[in-house]
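Here we start with a single chain on its own, the form predicted on its own, put down as structure tokens.
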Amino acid sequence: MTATIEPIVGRYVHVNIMGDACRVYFEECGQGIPLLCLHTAGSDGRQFRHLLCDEDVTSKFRVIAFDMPWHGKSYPPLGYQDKDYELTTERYVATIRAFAAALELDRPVVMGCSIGGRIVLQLAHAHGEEFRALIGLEGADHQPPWYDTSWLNRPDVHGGEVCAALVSGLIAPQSPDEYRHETLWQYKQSGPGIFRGDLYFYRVDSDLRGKLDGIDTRRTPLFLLTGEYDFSCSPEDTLRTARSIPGAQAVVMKELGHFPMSENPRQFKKYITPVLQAIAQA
């Protein structure tokens, strides 16, 4: 056989999330410490495809990326058509914990980006003992909204096109065109109203300012990494958040924007490698 076949394996797991029976799609590769990856708002687990194929990572970590319900290849729960989708902090935390429990993951590392970077702070605050380490990419306790979400789900506007246009400026200018447009394509394929529903969590339901007390970074190390070109979660937002959490480690990543793992995987590897090495050696 001459074709290139990637080592990623995709499967479905049935998970009960706050009373909803959900069929959740996930991809995984590797063996070792479970590394659970959370995609950004309005996208899906394909954002981590490069990490899933990186033998330097998968030789030490079991990398797992799942599509949240309503995203990617995970259907919404039954009856979704009768109500608007809105991601809340409670549902987001319940989804991550239910998925980890369904796969019987033993104190996984959780790495999330954007909304995923925000939720790892809540995990550190409320459930830190369940995780080996937490990594927030483009994460902070709060960012003032800079966009109008009413445009993201209207009958007279193409939702995929406008969602991709909204985030296109968040990609660093140095990112290769191939990966820039791959990242945007994932937004163009999102379900109607899903990006907007995710941003309910980001804009309305997850202001964590002054609510991150009690995080024990000696028990669960917390790493915050943000791209220098991210104006949605700016480096200043991340550094401010890190200063409020004793022991949190913050890094500003050069030549990267809001989607480091998918927009420029080679540049991202320079920054995530030492973090993963520190976790593996702890």
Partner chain sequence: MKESLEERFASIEPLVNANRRLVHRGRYLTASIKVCVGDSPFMLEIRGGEIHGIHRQSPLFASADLVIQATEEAWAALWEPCPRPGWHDLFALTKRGAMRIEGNSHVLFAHLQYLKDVLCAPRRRPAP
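Positions refer to the first chain, counted from 1. Computed from a predicted model, the values in this text were never measured in an experiment.
Form predicted in complex with its partner chain: not shown, discussed below.
This chain lacks the partner; the member of Ala102, Ala126, Val162, Ala94 within 4.5 angstroms of its partner chain in the predicted bound form by a non-hydrogen atom is Val162.
The partner is absent here; in the predicted bound form, the one residue of Thr220, Ser232, Thr241, Gln47 having a heavy atom within 4.5 Å of its partner chain is Ser232. With the partner omitted here, the stretch from 171-179, 130-138, 114-122, 86-94 that lies within 4.5 Å of its partner chain by heavy atoms in the predicted bound form is 171-179.
For the chain shown alone, Val204 is not a contact residue for its partner chain in the predicted bound form, no non-hydrogen atom being within 4.5 angstroms. Not displayed here, its partner chain is kept clear of Arg209 by more than 4.5 Å at the level of heavy atoms in the predicted bound form. Though the partner is left out of this view, Asp82 does not reach within 4.5 Å of its partner chain in the predicted bound form, counting heavy atoms only. Interface membership of Arg107, defined by any non-hydrogen atom within 4.5 Å of its partner chain in the predicted bound form, is ruled out.
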